[in-house]
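Starting off, we have a lone chain in the form predicted on its own, written out as structure tokens.
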Amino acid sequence: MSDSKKFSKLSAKAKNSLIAKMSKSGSGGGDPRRVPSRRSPVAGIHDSMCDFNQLPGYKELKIHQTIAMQTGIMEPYFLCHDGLAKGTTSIGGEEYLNFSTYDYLGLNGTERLNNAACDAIKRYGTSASASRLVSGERPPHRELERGLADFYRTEDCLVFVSGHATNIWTISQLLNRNDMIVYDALSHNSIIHGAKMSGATRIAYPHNDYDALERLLAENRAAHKRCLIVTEGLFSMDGDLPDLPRLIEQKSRYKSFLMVDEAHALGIVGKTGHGVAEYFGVDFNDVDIWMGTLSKSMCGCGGYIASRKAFTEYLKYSAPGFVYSVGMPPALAATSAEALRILVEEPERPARVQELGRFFVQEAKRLGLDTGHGQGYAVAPLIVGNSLVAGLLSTAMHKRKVNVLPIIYPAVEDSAARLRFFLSYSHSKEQISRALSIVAEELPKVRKLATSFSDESASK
């Protein structure tokens, strides 16, 4: 008779006695019928550990929301737009001037893009239905990738279903604990998280400070196998450009890879919108990795890596964010491919956005407003120097039917809090002038209000 059958025939009293002996002797091999020790294994764990309301981050969020409510700052996020968000938008049935759209080239909702999406849906449906590795590969994916590779004059390109994930999985797949990554201090969250996940030594250099980068490379490069230098083609918070020629020189001298995130530069920077390489007149292949997103000028969703074929092929078979993720919906791939064609065919679009960017800076300075490092592109910051002021000013702008969001601490230093304007081909100079005039009128009022709040808090 087997041991299990013998055990089942014992009386309850005998079973308990046997289990107790086994527990004392330390034998039993983890038998599921073991009596637990008298002290509960969770005796010292508080019930709050199973309560979402007690998560430290959530409690901090509620504190910020309470303070905002007490100071009269509206919740500026997750506003529901009734239709297309162009130069103007409808929120709650009312029209607003809109400076919170990534539709830089004004292509979203155009007939050509709508037709491209609808044709792809009719042929391929609304989903790739699987990872591309398994059975999600469709012709629009390779059409888009070939178009982007040609655009950047690289050997190949790979598109991911998420722009944020593109940076995370590309960086973490390229580097490991024997390597190092050096990135601009104002780099996007996705770059920083990709660096963390890689396990490589992480070093941030002060924004666009290439003397500091030189020192860091001289001090640290020799101690690591591979090195990756990362910058942005157009910085998403400040609207300025990197010194690409100097970065190329430094990466070559220190035998490093250079990666440029063109999320906000594609279609915006350079005479014909070909990005920061076109702006500086450098060889595109002097940059090892071109990264960008498809949710802005390309009116879709996801991200891309344009590089050597060896690298894109490696990512295609190894990057978890690609291998284990569903493929990009074919309709979005077809839409972005069509947007890329329009960009190439209509260089007047980036030229128009650049004209509006220069006008924004000139008009803001005329009104005594601080545009920070902004160089006159689609990303146009107005620095107000205090998170409370930024929140109050965004609220005041909303009341006057202008939709523009604040960027506050910890996204930026409190002293660098701002309103961030996104400029589009759909905007007019008159709309920009009107919005900036309202800022000039409201800013002194909200600064006075913020001071009164601060004084009141200090007196308590």
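When you see a residue number, it is the position in the sequence shown, counting from 1. Because the structure is predicted, anything quoted here is derived from the model rather than measured.
Here the subject shifts to the form predicted in complex with a small molecule, a form of this protein not shown in this document.
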Inset, instruction - Mark H141 yes when one of its heavy atoms lies within 4.5 Å of a heavy atom of the small molecule in the model of the complex, and no otherwise. - result: no
Inset, instruction - Decide whether R349 counts as a contact residue for the small molecule in the model of the complex under a heavy atom distance cut-off of 4.5 Å. - result: no
Legend entry - Touches the small molecule in the model of the complex: E232 (any heavy atom, 4.5 Å): yes
Legend entry - in the model of the complex, S336 touching the small molecule (heavy atom, 4.5 Å): no
Legend entry - Selected contact from Y102, F257, F311, Y124, since only one has a non-hydrogen atom within 4.5 angstroms of the small molecule in the model of the complex: Y102
Legend entry - Residue among A120, M291, A195, L158 with a heavy atom within 4.5 Å of the small molecule in the model of the complex: M291
Inset, instruction - Sort through 352-360, 220-228, 106-114, 158-166 and report the only stretch with a non-hydrogen atom within 4.5 Å of the small molecule in the model of the complex. - result: 158-166
